[in-house]
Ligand code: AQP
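Form predicted alone, single chain, as structure tokens, below.
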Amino acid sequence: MLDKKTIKRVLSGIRATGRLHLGNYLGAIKGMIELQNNPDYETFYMVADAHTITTPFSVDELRQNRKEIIIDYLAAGLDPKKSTLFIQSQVSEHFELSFYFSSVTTIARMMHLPTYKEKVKQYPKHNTMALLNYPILMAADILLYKADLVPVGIDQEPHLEVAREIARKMNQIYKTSFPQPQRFATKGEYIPSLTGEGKMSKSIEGSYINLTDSLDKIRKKIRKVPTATIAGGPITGGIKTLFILSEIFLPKKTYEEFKEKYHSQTLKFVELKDTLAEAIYQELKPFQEKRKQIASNLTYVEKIIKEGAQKAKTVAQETLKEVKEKMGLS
């Protein structure tokens, strides 16, 4: 039984838009593992497949990606004995709670969110109600488990604020007992795009390194990062990306030597790029070996998915029962 005075709940999820990349690993999964291994937390980690359909998607790819991300989770170090790993759409309570939450959320509030505006610009022909309701569903994901902490990047803070607003409104109007979820920040949480603009993202081709990429693929991608002809001057764009990744993956001494060479205009970018590519590959190698092993046992993977859904549903049903009672719906 949970001691609610000391144990805090954590919820996080990754959209099922493709294999996990370096940004997911450093920005979310490392923090998820850190929390999982801390006895002060009870952790729930999902594959956000319903969030995936808020923007254009391929049915076949979605079907495959849901399972692939669970395999990635397991290979990265998420442990089904310590964390509840599940697929969002297999717990229908997410969608029911989302509808109840929509009754205390205005259309104007959703339309003014910067993330919504960005997505409309990106997909002008797919400005759907699902896209508008994305933050409400995210609030339901978090509050369904009464999660205190959410290990996500700084770009998700506007959505977390919506979740807190909804929690406050529900508590005030219906006397529910929702917490005020907070973002859990992890080291290296913002991983820049290989294009030199924005963050690493699956939706931007050429911006990311997959966790399953070979050394050759990583080297080719890193070599394409835009740099200046000659070293020196302000560290911006692709050069900034290289140095941010170098600080994460290279030994401190090596990183500082490269930076010194840059400022003295003696740096050969190809040397920095190839050293960085090798370091990234060495970091990912154990993950890739473990992933092959797990992927060869799909019966085990299916068992984890089924058990995770059952565990998540047990907690979700408790919360939904409380909400329906307080709202006069039962």
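This one's a predicted model, so the numbers in the text were calculated from it and none came from an experiment. Sequential numbering from 1, following the sequence displayed.
FYI, the form predicted in complex with the ligand isn't displayed, but the following is about it.
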In the model of the complex, the residue from Arg219, Lys199, Lys169, Lys146 with a non-hydrogen atom within 4.5 Å of the ligand is Lys199
Counting any non-hydrogen atom inside 4.5 Å, which residue from Phe258, Phe249, Tyr134, Phe86 sits next to the ligand in the model of the complex? Tyr134
Looking at the ligand in the model of the complex, is some heavy atom of each of Arg15, Gly27 and Val152 within 4.5 Å of it? yes
So, in the model of the complex, is Tyr190 in contact with the ligand at a 4.5 angstroms heavy atom limit? yes
In the model of the complex, does Gln156 come within 4.5 Å of the ligand, counting heavy atoms only? yes
Does the ligand come within 4.5 Å of any heavy atom of Gln180 in the model of the complex? no
May I ask you to state whether Lys82 is within 4.5 Å of the ligand in the model of the complex, using heavy atom distances? no
Counting only non-hydrogen atoms, choose the one of 266 to 274, 27 to 35, 300 to 308, 59 to 67 that falls within 4.5 Å of the ligand in the model of the complex. 27 to 35
